[in-house]
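Just the one chain here, the form predicted alone, laid out as structure tokens.
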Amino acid sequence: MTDEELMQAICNGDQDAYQTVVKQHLKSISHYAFRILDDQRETEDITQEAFLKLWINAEKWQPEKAKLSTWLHRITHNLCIDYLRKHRNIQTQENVEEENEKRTDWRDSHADGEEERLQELRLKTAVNSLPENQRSALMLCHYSGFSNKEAAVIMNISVKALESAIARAKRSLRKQLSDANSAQSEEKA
């Protein structure tokens, strides 16, 4: 069945069609939510809520305006942004404390291969510290594989604004990683 046929069946209450759509899109939706939220429990909640919204609002999808995957990612994006806005201060403090603990653990147990793990941790921390629009733009285009046009639709911004957000995100990541590497070099000296 095509996306249009599946969504029409869902509008008519067809649970099998709904399960088919969930199976087709669950992995990409949950991966996107996790990349934005960096929290498995919240990712599961947001993913479940996104598919609930699909079931309830199936008739609102307009295939001439966006592919089904784009529409689902937009729902997920909006849910993630709402969550982050509501919980930003709590998560920011927790992330700072967690990062400090990980740095201490790394220094205490430094061994071969740990440098790569630390670099991955630095990148994850740097990505998580980006403003939500930059992080979302980066995740949609570079990790989820959406075109700039599709990502702009998901984020409800212009393509130019999306490209600007990606450029700012890349500059910020380069600076943060360069600063972190410089700090590590100074600690070793």
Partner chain sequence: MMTIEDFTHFIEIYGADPNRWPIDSNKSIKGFLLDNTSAKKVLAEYQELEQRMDSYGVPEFRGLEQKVLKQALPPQRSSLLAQLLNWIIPKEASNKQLWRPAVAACLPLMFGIVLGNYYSFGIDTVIDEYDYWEGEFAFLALSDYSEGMINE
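Residue numbers count along the first chain shown, from 1. Because the structure is a prediction, the values reported are computed rather than measured.
There is another form of the same protein, the form predicted together with the partner chain; it is not shown, and what comes next is about it.
Candidate site formed by Gly13, Leu26 and Gly145: every one of these residues places a non-hydrogen atom within 4.5 angstroms of the partner chain in the predicted complex. Although the partner is absent from this view, Val127 contacts the partner chain in the predicted complex, with a non-hydrogen atom inside 4.5 angstroms.
The partner chain is not drawn, but in the predicted complex it has a heavy atom within 4.5 Å of Glu120.
Put simply, Leu138 is close to the partner chain in the predicted complex: some heavy atom of it is within 4.5 Å. The partner chain is not shown here, but in the predicted complex it comes within 4.5 Å of a heavy atom of Thr43. Contacts between 27-50 and the partner chain, taken as any heavy atom within 4.5 Å in the predicted complex, involve Ser30, His31, Phe34, Arg35, Asp38, Gln40, Thr43, Glu44, Thr47, Gln48.
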